[in-house]
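The data below hold one chain only, encoded as structure tokens and taken in the form predicted alone.
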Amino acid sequence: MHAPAASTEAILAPSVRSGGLRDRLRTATAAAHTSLDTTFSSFDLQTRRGYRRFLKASAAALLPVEAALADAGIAAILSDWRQRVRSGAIVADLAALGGVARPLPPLRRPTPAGALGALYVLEGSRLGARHLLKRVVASTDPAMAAATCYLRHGTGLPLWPRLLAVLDAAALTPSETDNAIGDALHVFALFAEGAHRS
């Protein structure tokens, strides 16, 4: 992630623009998203070993990214940031299954634009969690079904629509947009690295 530059106030604008940050992020990260989905599909989420590996891989990236976002003052951009934090949930799930989180090295504090890119990836992973949860709870292992705080996190809250509203209202310069895309791609790469390490 990149060093801080622009102020939070310069990132947010009152109007929604078509072809804005959300569209740019979706287009620019499509290949990375597909690749990561393929990588994570190799985890057998109906066995304790496979599910524990999935949680370890996810935690390796999630923990340092959430810490970097908090350090960058993401709560000033998203007032519901505390509702979004999943680090405690994934650590608890791992502990319940006899696993330990081993986060990747700490990240540099992102710029406000970079934080939006990182958030796009984190919150997108929450959408995929709904599908993964179905596979986990279909297991015959009751311990697995009980260790789903991470996958269930945020259920019933409009977290994705709220983030999209922020992305659609973001007024970024071309360099700030590049920064957001760069940090989004970096977060995808971190999740891929976590998967390979696990």
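The first residue of the shown sequence is 1; numbering continues from there. Just so we're clear, the structure is a prediction, and the values are computed from it rather than from any experiment.
Although not depicted, the form predicted together with protoporphyrin IX containing FE is the subject of the following passage.
Remark: Gly128 counts among the residues lining protoporphyrin IX containing FE in the model of the complex, judged by a heavy atom distance of 4.5 Å or less. In the model of the complex, none of the heavy atoms of His186 sits within 4.5 Å of a heavy atom of protoporphyrin IX containing FE. The shortest heavy atom separation between Gly124 and protoporphyrin IX containing FE in the model of the complex is within 4.5 Å. In the model of the complex, at least one heavy atom of Ser41 sits within 4.5 Å of a heavy atom of protoporphyrin IX containing FE. This chain is displayed alone, yet in the model of the complex one of Ala60, Leu36, Ala68, Val136 has a heavy atom within 4.5 Å of protoporphyrin IX containing FE; that residue is Leu36. Residues with any non-hydrogen atom within 4.5 angstroms of protoporphyrin IX containing FE in the model of the complex fall in just one of 136-144, 25-33, 168-176, 151-159: 25-33.
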